[in-house]
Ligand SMILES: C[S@@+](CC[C@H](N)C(=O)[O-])C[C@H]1O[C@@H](n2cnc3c(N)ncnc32)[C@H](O)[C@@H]1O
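In structure tokens, the next block holds one chain alone, the form predicted on its own.
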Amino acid sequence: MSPALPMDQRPTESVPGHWLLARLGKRVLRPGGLELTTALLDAAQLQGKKVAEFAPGIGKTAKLILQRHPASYIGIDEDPQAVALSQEAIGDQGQIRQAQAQATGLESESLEVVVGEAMLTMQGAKGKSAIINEAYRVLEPGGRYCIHELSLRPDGIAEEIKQEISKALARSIHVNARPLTQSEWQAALEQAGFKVISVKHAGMELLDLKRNIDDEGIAGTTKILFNLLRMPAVRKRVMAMRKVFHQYSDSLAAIAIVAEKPA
């Protein structure tokens, strides 16, 4: 079997949605935007802590973490292109290692904070459990696991609506996204042994103009719009993604949870 093409070389029609947006120049790729990421990192209390980030992607959150002066930072990503991009973003301020989030190779109880954004959603039940268990293993007692993911609302949403949304997301972003309700996210963390200590929400407005101006600034948003105009194939896919987000806006949201490993 031939190796998979790097994300920046994959055809527009098959590349995952977040990498497609990165091609346009979008740098904030989290469902709740920069505001929810900032709230999550503030709640994580990162200063002076030993921190790992699962799936840093292009390194945007890594830079925000480092601005909070942790004692150390290591990123874990299985995508070699993401490893290179993240390492370039942070320079010599930390290390990015190529490994799977469910098998990091890090020592048990060696960290005080683990951060993961927009990556558990892309896993099935077994994958979610394996990654959460790995975060629990590498955290020392009293350590915090901080996640920012896509969620479904309300808690009692019908199973058929869940399936409909997952299928629509898979068709548009080309990733098998499986968001959970708030109670399901909390249960997944608690099953691994974590205690949930804070929960915050935001709208799923990743492709809305106001959110992009807030996240990327005027210049960054202008660049994205210009690239959309000159890339018709990319524009077609982005509009299809935006349509799905709007169609299910009453049921989709972003969630940020801080959980603690009991001391």
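Source: prediction; values computed, not measured. Numbering starts at 1 and runs along the sequence shown.
The same protein has a further form, the form predicted in complex with the ligand, not shown here; the description that follows concerns it.
The ligand is not shown here, and in the predicted bound form it never comes within 4.5 Å of any heavy atom of K50. Heavy atoms of E184 never reach within 4.5 Å of the ligand in the predicted bound form, leaving it off the interface. With a 4.5 Å cutoff on heavy atoms, F245 does not count as touching the ligand in the predicted bound form; it lies far away. When the ligand is considered in the predicted bound form, R30 lines it closely, a heavy atom lying within 4.5 Å. M122 is the sole member of I74, L111, L152, M122 with a non-hydrogen atom lying within 4.5 angstroms of the ligand in the predicted bound form. The partner is absent here, but in the predicted bound form a heavy atom of A55, alone among A202, L46, L207, A55, sits within 4.5 Å of the ligand. Of the candidate stretches 133-141, 114-122, 152-160, 176-184, only 114-122 contains residues with a heavy atom within 4.5 Å of the ligand in the predicted bound form. Against the ligand in the predicted bound form, the set D79, A82 and Q100 is in full contact: each member has a heavy atom within 4.5 Å.
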